[in-house]
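One chain comes next, on its own, written out as structure tokens in the form predicted alone.
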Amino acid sequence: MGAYELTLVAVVSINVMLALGLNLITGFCGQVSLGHAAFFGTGAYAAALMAAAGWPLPVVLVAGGVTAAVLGLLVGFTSLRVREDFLAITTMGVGFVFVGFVRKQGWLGAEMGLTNIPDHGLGDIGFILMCLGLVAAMAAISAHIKRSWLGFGFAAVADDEATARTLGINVPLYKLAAFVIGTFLAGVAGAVYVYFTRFIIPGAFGFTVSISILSMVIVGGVGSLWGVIVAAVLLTLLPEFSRVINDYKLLLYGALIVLTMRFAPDGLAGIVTSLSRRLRRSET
């Protein structure tokens, strides 16, 4: 496997991690977030500072996740009284505030970002294996949550908050839990990104990144584990097949969101499920 292929695997892995994190918030718990890149960036900057200070890789990964989760807890707490469109606007604002804040902080490199981040020391193959291992771990965690009492609580909150309250479900607690877990995964992805690029700039965590991640969740099927993973892989690799697609990537993502919401609200997962049902009916 050459350098180009290794780079693609690393980028795909990072995007899958981000999509899995957002899927926990938006897909499992029904909270629309348009600022997921802010948590991605928070984990990245925390990891960059700790790596530069000489902390070992495992500690840096966890620290990136925890730092992002703390921000997720604060955002989740302040967003408890808003929902749907207002929640989306609130989280979008968090993304803009994050980028604006980082650009004005000299200790974070300001507009020029942070460079000369230490090497991870794993080698190319070792780093890729770590990325794939993290993806597998996050997918397993997501699958376990979806089947657990926590996942059932998330689903109840996503379907109808009022009904969930009448059933004795602590809606604010479940919302906060979704934000904390989802943003923790984004923070870990940010730490991986830092070791992959070895430099970061504020522009890498802008609004367009949040939209790209959201498109992966919507196209894959909101709440679907395998659908989101497949969509993250496809939408990451698609621009690599054509220069034209890469130049109009954001336009493509926007169009896919609109088309999916209009013609296939359940995304790829819904299409596959519908086709499998038709095949079973035809066989009987």
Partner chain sequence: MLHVELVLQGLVNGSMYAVVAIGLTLIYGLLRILHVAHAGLYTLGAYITVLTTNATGSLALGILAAMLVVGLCGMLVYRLLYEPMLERPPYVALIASIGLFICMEESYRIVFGPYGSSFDMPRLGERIALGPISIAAADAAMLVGAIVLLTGLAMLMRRTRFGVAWRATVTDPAMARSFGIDTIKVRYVNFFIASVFAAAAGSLVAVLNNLVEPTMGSVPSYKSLAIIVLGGLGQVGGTLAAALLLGVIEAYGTIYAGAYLDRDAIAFIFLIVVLMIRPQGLFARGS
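Only a predicted model underlies this, so the values are computations on that prediction, with no experimental measurement involved. Residue numbers count along the first chain shown, from 1.
One more form of this protein, predicted together with its partner chain, exists but is not displayed; see below.
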item: Any non-hydrogen atom of Ile218 within 4.5 angstroms of its partner chain in the predicted complex; value: yes
item: Partner proximity in the predicted complex: Val94 to its partner chain, non-hydrogen atom cutoff 4.5 Å; value: yes
item: Non-hydrogen atom contact Ala255 with its partner chain in the predicted complex at 4.5 angstroms; value: yes
item: 4.5 angstroms heavy atom contact with its partner chain in the predicted complex for Thr90; value: yes
item: Which of 27 to 35, 41 to 49, 225 to 233, 57 to 65 lines the interface with its partner chain in the predicted complex (heavy atom within 4.5 Å); value: 27 to 35
item: Contacts with its partner chain in the predicted complex - residues in 260 to 281 whose heavy atoms fall within 4.5 Å; value: Met261, Arg262, Pro265, Asp266
